[in-house]
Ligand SMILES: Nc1nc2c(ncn2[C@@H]2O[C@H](COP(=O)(O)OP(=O)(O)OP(=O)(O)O)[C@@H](O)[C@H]2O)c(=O)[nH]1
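First, one chain by itself: the form predicted on its own, in structure tokens.
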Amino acid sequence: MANSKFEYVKQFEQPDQLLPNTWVVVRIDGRGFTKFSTKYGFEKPNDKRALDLMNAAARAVMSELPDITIAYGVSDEYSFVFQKSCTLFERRASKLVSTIVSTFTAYYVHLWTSYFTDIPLSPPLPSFDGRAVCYPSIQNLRDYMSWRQVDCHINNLYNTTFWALIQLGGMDATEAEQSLKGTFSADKNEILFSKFHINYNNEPEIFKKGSVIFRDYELVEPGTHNVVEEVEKMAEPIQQSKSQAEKDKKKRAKAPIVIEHLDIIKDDFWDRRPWLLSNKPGQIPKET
């Protein structure tokens, strides 16, 4: 590239490298989605079409970026977890975040008509923002994922009760908010059951647990892999040969990407899927 007197402006660019040997989580959120959901008449407290659209866009992102090992979504947010050994874009925060945000937004707009067949998009169009956070240990990463799922449950129980008071109980928003002020989970469950005969336990799992997306390999028996000990004791990721890296890439490409609504707080989910933390692909499920 030719030098010029204007090239000095490059000095204003600041490094934004993410910490090496950590799990990187890129979390995106819808911008102004309260107004957006009102504009397009999203059902309250949950719109299955909107959640399915979010999941479809997130699944498309995972298909394009094999370095993503797992993603978790609820409402208008999604968290994408990159492998600990990921070197994508040399782990630069700005490039990683901008790639996830732009790819997700593009697929969200592209897939809109598949889920909202009779409501065309119009400006202002949907958009998302994002941030990247490094988590150095498996416990940190799992606690982050647990936090998001607990948050999903707390918010959904509140919203389910709030909208039941409005839609079935005839209250306005202010009255419903006052009725729920200072209540605990047990109180909200009691309100739903005693006043509206709604058993919260019977609500769809997607509403209560959110959505988990990952590459699906054969499950293993709990206790046969001590992934935590193996991963945590490594000072730095093992450098793979080009041939092994290419084999792993092909295995990831062949693995089906599934969308589930599971408990990711308990150990069983992680123990049976050691590939989520080991950075090593598992066994491709045998075709039946």
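This is a predicted model, so every value here is computed, not measured. Start at 1 and count along the sequence shown; that's the residue number.
The following text describes the form predicted in complex with this ligand, which does not appear among the structures shown.
- Judged by the 2.4 Å clash test against backbone and C-beta atoms, the pocket of this chain is open once this ligand is superposed from its pose in the predicted bound form, as not a single ligand atom violates the cut-off.
- Residue heavy atoms within 4.5 Å of this ligand in the predicted bound form occur in exactly one stretch of 95-103, 175-183, 198-206, 72-80, and that stretch is 72-80.
- Interface residue remark: Pro256 is not counted as part of the site for this ligand in the predicted bound form, having no heavy atom within 4.5 Å.
- This ligand is not drawn, but in the predicted bound form it has a heavy atom within 4.5 Å of Asn46.
- Among residues of the shown chain, Pro66 is not one whose heavy atoms approach this ligand to within 4.5 Å in the predicted bound form.
- At least one heavy atom of Asp29 is located within 4.5 Å of this ligand in the predicted bound form.
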